[in-house]
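The data below hold one chain only, encoded as structure tokens and taken in the form predicted alone.
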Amino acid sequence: MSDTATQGPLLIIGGNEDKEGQRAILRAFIELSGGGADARIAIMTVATRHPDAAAERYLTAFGRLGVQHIYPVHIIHPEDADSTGVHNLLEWATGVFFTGGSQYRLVSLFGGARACDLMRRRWRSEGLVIGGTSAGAAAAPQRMIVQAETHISPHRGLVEVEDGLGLIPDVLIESHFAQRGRLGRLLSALAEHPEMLGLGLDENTALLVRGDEFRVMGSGAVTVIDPRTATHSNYTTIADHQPLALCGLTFHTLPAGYGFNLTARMPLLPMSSQ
């Protein structure tokens, strides 16, 4: 991952973040984007089939936190993504925020557009802040889980993995992790892609990613799974839909204040503990 002085931060949220109480995660996004008076927020509703309702939730939440310049960006059809209006809003914004919905829909409608290239360029070279919650979080990496069952033990062929937005290499992200029982499907994906790192984000929990490191925010935890230490897997010897054996994987659970170096694959203690 590039770690230049100009690359913007990412705020990757596990879903169902607090929108009415302290709103610490959304408040952090605003501050990263320039602060209430100066932040210019584009709310990307492309992941959902109910864009007006999704936009209204964040227009209200960000407005109550003092943001004066907020615009929803609705992409309903593939051609919408490269409209002049969408390009202008992505040039104007200091922060781009992806709502929840379907990560497959998000990437299908936006991931291949010139507008997405514009967003990535501004993030890499101009410090644009990008945030995403739920599907907006799952879609952030180079590769993403697009379809899988929940509340089931790891099985071969349980998940499908496709290209994401390309903002974080070599990771797979699951949102709503503890709340929706997604350990089995993340392990299933890692058995198929053992070079990846698995990140399971609880609700109202976020990763603040800067360069190749992240810090955890919010009320839950992030589960980090590194399959590269595995001593055994039966993935290559069983048929689809059969239970997986996975031995020797490395697990970390990281609450607020803890962090992780994605290059070294090492946890980081809270600043006050170092």
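Sequential numbering from 1, following the sequence displayed. Predicted, not measured: the structure shown is a model, and the values here were computed from it.
What comes next is about the form predicted together with another copy of the chain, which does not appear here.
Annotated contacts: Ile152, Leu246 and Thr250 all touch another copy of the chain in the predicted complex [non-hydrogen atom within 4.5 angstroms].
With the partner omitted from this view, the residue of Met196, Leu109, Leu183, Leu89 that lies near another copy of the chain in the predicted complex is Leu183 [heavy atom within 4.5 Å]. Among Ala61, Leu208, Ala54, Ala221, the residue placing a heavy atom within 4.5 Å of another copy of the chain in the predicted complex is Ala221. Interface membership of Ala81, defined by any non-hydrogen atom within 4.5 Å of another copy of the chain in the predicted complex, is ruled out.
Another copy of the chain in the predicted complex is not approached by Ile75, whose heavy atoms all lie more than 4.5 angstroms from it.
Within 4.5 Å of some heavy atom of another copy of the chain in the predicted complex lies at least one heavy atom of Gln179. Although the partner is absent here, Asp202 is a contact residue: one of its heavy atoms lies within 4.5 angstroms of another copy of the chain in the predicted complex.
The stretch that touches another copy of the chain in the predicted complex, counting heavy atoms within 4.5 Å, is 230-238, out of 230-238, 27-35, 66-74, 46-54.
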